[in-house]
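Take a look at this single chain in structure tokens; it is the form predicted alone.
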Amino acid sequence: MSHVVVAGVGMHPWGKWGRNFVEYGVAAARAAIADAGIGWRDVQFVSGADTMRNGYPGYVSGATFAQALGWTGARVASSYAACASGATAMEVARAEILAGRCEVAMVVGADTTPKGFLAPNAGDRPDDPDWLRFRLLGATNPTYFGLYARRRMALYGATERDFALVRSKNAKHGLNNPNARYRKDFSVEDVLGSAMVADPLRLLEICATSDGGAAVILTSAEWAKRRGITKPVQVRAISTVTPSFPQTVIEMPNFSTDSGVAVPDAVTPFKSAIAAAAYQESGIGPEDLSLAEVYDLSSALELDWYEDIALCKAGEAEKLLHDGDTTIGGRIPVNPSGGLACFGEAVPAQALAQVCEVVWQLRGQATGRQVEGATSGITANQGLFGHGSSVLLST
């Protein structure tokens, strides 16, 4: 299968700007277009990642961004997969190119978020698990993060200091990232001294909600070659898998798991399956990676991802961390961007932001946080209701 090429990437810095989400997406799109060295009229397909918090324009983000940039007759699509929306929108664009329906596509996502944690939209929906977990159980997102952390402590002996070290590492990584919202160094003691939110996780270990935008220009390999791109960053795989039955590890927003009584528990766990599919499609294994960008909604979840993307065996994530392997300069840096710890959540943009970071790293353009000699990188996150999200890129 021919690979598509990332010709351009762009971002609007993360923060709490309080402006229309379209403004962030347009800024990111224009930056990506300029990075690709093309004009807006060269874009034949616009794939938008949706936001549920910004009214009808957020539900039809592809058309919203196309209109804001100026109608050209380009085809559009809009995708919603919660935190996996960016990767899903990118897969739609890749499919258009590989099907021969276009040569140049833009993927864009942006969000304006409320103060505090993300919550369901207004209205009574007693048959909606996401609504029920807030209204029936009071189970906000940090509640789940705390439960995952407790699970890791019970299974593998993780400690609060381990979680704090993850946050301290990412804080150092994010110091030199101009797009990061939080650019402040935190020691392990600083993290442990912050307020408890969802035991055992503290304020500095749980990502904020943020405003921001990200965009990616994808092209066919043939188009890139004609334009003289001699060392392109290639999209080697995009994984958007769903869980396999029985799912015996709870995932938001559910508050129960599948029963494995009558079914052998031999399936690959969901989060592990996300990266496994990317490795299988690309022919690139975890041993070949130069870096990874993972979905650190909390510092404890980052440790789980080390194992889920097969950087180490189950129960060995803490050793990988303490050995310095996941720090810039180590064997396999994780979240050299600073991760969500330094960015916060701008839901439809964050999977695309991970791709932007990997592209900059593979080009050698990540000034101040560069992973030397980077040749391949993987992203990993997930969306509510079983949306996998992983993109594997290489030079």
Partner chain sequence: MSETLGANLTQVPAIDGWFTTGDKPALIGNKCTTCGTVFFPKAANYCRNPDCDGAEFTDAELSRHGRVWSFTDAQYQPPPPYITRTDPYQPFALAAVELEAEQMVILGQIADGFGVADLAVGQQVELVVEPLFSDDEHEYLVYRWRPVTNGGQVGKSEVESA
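What you see is a predicted model; the values in this text were computed from it and never measured. Positions refer to the first chain, counted from 1.
In what follows, reference is made to the form predicted in complex with its partner chain, a form of this protein that is not presented.
- Just one of 272, 187, 143, 176 comes within 4.5 Å of its partner chain in the predicted complex, counting any heavy atom, and that one is 143.
- When you look in the predicted complex, the only residue of 222, 323, 199, 287 with a non-hydrogen atom within 4.5 Å of its partner chain is 199.
- Taking non-hydrogen atoms only, residue 258 approaches its partner chain to within 4.5 angstroms in the predicted complex.
- Among heavy atoms of residue 76, none comes within 4.5 Å of its partner chain in the predicted complex.
- Although the partner is absent here, residue 245 is a contact residue: one of its heavy atoms lies within 4.5 angstroms of its partner chain in the predicted complex.
- Remark: residue 131 counts among the residues lining its partner chain in the predicted complex, judged by a heavy atom distance of 4.5 Å or less.
- In summary, the region of this chain contacting its partner chain in the predicted complex, judged by heavy atoms within 4.5 Å and restricted to 178-186, 145-153, 160-168, 77-85, corresponds to 145-153.
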